[in-house]
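In structure tokens, the next block holds one chain alone, the form predicted on its own.
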């Protein structure tokens, strides 16, 4: 597996204002890679630099082995881009839109109709293929725009907020199509989004950004173990009980114990930070020996949201 994108110490200025400061990351062939961060973090600027629409102030970029600053046209011939604005011709039908963009994208004439029909089918637009795009819902327009971005079988697909403004049902459909069709086509995907549940579902690895800079890169498991090691075990007791917290903290595999507002008094709920799920029976046994009656023990999955806000909080503390 080789790197489709390599970015090294990328810096960019808009006039006197710095928009990116020393970004370094790579994107591997065949993966879905997420660029995550608040508005103004520089995600869209990064996408434009990767496609050769902007020239970096310093640092290096390689996309599909090419330098976008000097070979932007060649890069864009091998990539597809979908923004949150569909940018379709609303007075053309869905089929006419795709045929027109297929021509612009260089799809051979003998292949255009077959390719257009296949994409209409994949994105569940066949029944509306000959309706004007202006009559489509926002979700349908976004599906049509995604089909347009994939007309020329790009090796690399950039998705910039692909579900922004869509209702939950339309968002779920677009996510499903992204996962299925890009897998069928064997594409590498770079996904910019501020919807963390979407990134957690779709991405193999993520790069988390604060304004202008990169905070961390890795898979969710890698980042979780680095920032929030172990697992959180939610414990709920049937009734308040006096807990021997030093004894509980001393158990092998217990990394910490969080208590309520009154740690000296009887506890009804607590959170035990454990190395892994194998420690759960030991925690249960120790609590019962202390006289606790257990109502619930629930190991908690560390989410991308947990990791994201931990990183952003740390970045804010550094800035302060």
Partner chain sequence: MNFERIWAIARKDWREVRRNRSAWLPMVIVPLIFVVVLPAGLLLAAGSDLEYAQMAFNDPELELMLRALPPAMTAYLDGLDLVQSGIVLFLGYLFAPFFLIMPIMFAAVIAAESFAGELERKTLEALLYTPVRDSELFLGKVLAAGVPAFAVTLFSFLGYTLVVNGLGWPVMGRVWFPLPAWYPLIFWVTPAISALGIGATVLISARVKTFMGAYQLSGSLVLVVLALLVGQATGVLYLGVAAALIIGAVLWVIAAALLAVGIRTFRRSTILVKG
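Remember, it's a predicted structure, so these values are computed and weren't measured experimentally. Positions refer to the first chain, counted from 1.
Keep in mind that the form predicted together with the partner chain is not shown, yet the notes after this line are about it.
- When contacts are judged by a 4.5 Å heavy atom cut-off, residue 117 does not count as touching the partner chain in the predicted bound form.
- Not displayed here, the partner chain is kept clear of residue 194 by more than 4.5 Å at the level of heavy atoms in the predicted bound form.
- Using a 4.5 angstroms threshold between heavy atoms, residue 143 stays clear of the partner chain in the predicted bound form.
- In the predicted bound form, residue 202 stays away from the partner chain, with no heavy atom inside 4.5 Å.
- None of 53, 290, 251, 294 but one reaches within 4.5 angstroms of the partner chain in the predicted bound form through a heavy atom, and that residue is 53.
- Of the listed positions (85, 126, 242, 234), a single one reaches within 4.5 angstroms of the partner chain by any non-hydrogen atom in the predicted bound form, namely 85.
- Checking 164 to 172, 214 to 222, 183 to 191, 68 to 76 against the partner chain in the predicted bound form, the stretch whose residues place heavy atoms within 4.5 Å of it is 68 to 76.
- Relative to the partner chain in the predicted bound form, residues 47, 104 and 112 are all within 4.5 Å by at least one heavy atom.
- Contacts with the partner chain in the predicted bound form, taken as any heavy atom within 4.5 Å, map within 123 to 139 to 132 alone.
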